[in-house]
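Only one chain is shown below, in structure tokens, and it's the form predicted alone.
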């Protein structure tokens, strides 16, 4: 794993700080310019940022791991997947529910995906 798009991962940490004369201005600037969340940003804002994250990180593939029925993330998926596929980046969609009873299925799907990306 070279990057993520998690609420409590990269999106929480990027950017590391903001601009401004005092701490409050820097905090506000950081909050306004942080990595866009699918629940609070348009797909037009997210596509270039996700594409840049993939390019900058050197990712050879992208796994979209969604909680089942997470509408904002699922709504973003078609546009993000199409953009990445057009750029030659393989993608894998995995939906999980609260039961977590898909370990064997996930292992098989991940192994196949890793073979595709040469990992």
Partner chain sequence: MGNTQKSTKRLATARELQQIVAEFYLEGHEAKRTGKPVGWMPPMNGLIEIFYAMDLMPVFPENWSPVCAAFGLIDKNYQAAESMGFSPDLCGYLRNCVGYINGMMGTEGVPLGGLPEPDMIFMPGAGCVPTMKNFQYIARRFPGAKVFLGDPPPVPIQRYHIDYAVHEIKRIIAFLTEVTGRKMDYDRLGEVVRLSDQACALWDEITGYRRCIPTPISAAEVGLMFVMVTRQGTRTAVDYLARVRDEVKERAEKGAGIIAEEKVRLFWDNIPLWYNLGLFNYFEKYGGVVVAETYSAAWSIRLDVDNPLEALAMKSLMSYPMVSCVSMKRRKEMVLRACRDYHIDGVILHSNKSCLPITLGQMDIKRALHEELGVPSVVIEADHMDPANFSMAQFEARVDAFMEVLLQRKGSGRR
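Given the structure is predicted, the values throughout are model-derived calculations rather than measurements. Positions refer to the first chain, counted from 1.
Keep in mind that the form predicted together with the partner chain is missing from the display, and what follows is about it.
Among heavy atoms of residue 65, none comes within 4.5 Å of the partner chain in the model of the complex. Remark: residue 83 counts among the residues lining the partner chain in the model of the complex, judged by a heavy atom distance of 4.5 Å or less. Remark: residue 72 counts among the residues lining the partner chain in the model of the complex, judged by a heavy atom distance of 4.5 Å or less.
Proximity of residue 33 to the partner chain in the model of the complex: non-hydrogen atoms within 4.5 Å are absent; the residue sits far from the partner. Not one of 54, 89 and 111 comes within 4.5 Å of the partner chain in the model of the complex, counting any heavy atom. Among 94, 28, 59, 47, the residue placing a heavy atom within 4.5 Å of the partner chain in the model of the complex is 47. In sequence order, 40, 41, 42, 43, 44, 47 are the residues of 40-54 having a heavy atom within 4.5 Å of the partner chain in the model of the complex; the partner itself is omitted from this view.
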